[in-house]
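Just one chain follows, in the form predicted alone, and it is written as structure tokens.
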Amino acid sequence: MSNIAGKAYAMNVITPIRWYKVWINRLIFKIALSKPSTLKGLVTLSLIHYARWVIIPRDGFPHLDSSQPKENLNYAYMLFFSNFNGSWDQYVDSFTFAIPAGLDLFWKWNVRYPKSVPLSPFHKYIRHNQIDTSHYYNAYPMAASNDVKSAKKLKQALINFNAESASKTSEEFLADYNRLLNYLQHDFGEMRATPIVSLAAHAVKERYLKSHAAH
């Protein structure tokens, strides 16, 4: 299925922006990077692998050969790339709740942007401008971002445990082992694919209705 590799979902959204307002967005991005606190709500969302905004000016698309026709574009374009775990709706809604003002600030100058609240127009806007990811490579497809963090914590804890318990008695070893299990009990993830997520909730409903109508 496009957009999906194991537990991860790749989102690519391309939205037009009026070329003479690009400088405003670049200034906003620069301020956001210089003040990480403005994106604090986004950073705390553990389901996100990464999120990136890129602006391509209307004359900035690559011209690879002299035989390639040159574009005469009326708009610049803002590209939004993100990888995340969970469903499309969970991600978009979490984004809205985490940094609603930030979303409105980043996308404000984009053509026909409806604001992040209420959710329904925002969902429609993202769906309309999203480009399907037909080929998506993921180095650890069966691991969510939290699984990777837990694996790093587990590895270090086992290294420390091995070094500290090597010379202890069997009773002391057992006591340390039980403490270790208690400490790591929330970090034992399951490496398997999650149920398939769809582009949006309405797609799930359509598939459900079609499958039941067939029976």
Partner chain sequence: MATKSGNATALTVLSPIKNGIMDDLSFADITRERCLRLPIHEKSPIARVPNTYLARLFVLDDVVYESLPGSDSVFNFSDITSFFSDTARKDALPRKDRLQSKYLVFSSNFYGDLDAYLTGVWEKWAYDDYGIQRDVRYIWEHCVAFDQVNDCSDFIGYIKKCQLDASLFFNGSTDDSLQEQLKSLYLKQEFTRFVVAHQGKSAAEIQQDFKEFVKRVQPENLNGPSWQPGQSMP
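Positions refer to the first chain, counted from 1. All of these numbers come straight from a predicted model, not from anything done at the bench. Here, rigid core means the biggest group of C-alpha atoms that superpose within 1.5 Å across both forms.
Although it is not shown, the form predicted in complex with its partner chain is what the next lines describe.
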Answer with yes or no whether Y136 is in contact with its partner chain in the predicted bound form, where contact means some heavy atom within 4.5 Å. yes
Looking in the predicted bound form, any heavy atom of D176 within 4.5 Å of its partner chain?
no
- Task: Using a 4.5 Å heavy atom cut-off, state whether A143 contacts its partner chain in the predicted bound form.
- Result: yes
| query | Any of the heavy atoms of D132 lying within 4.5 Å of its partner chain in the predicted bound form? | reply | yes
Restricting to 75 to 107, the residues within 4.5 Å of its partner chain in the predicted bound form through any heavy atom are Y75, Y77, L79, F81, S82, N83, F106
Could you check, with the core superposed, whether the Cα atom of S67 shifts 2 Å or more between this form and the one not shown? no
- Query: Taking the rigid core as reference, does the Cα of A175 move 2 Å or more between this form and the one not shown?
  - Reply: yes
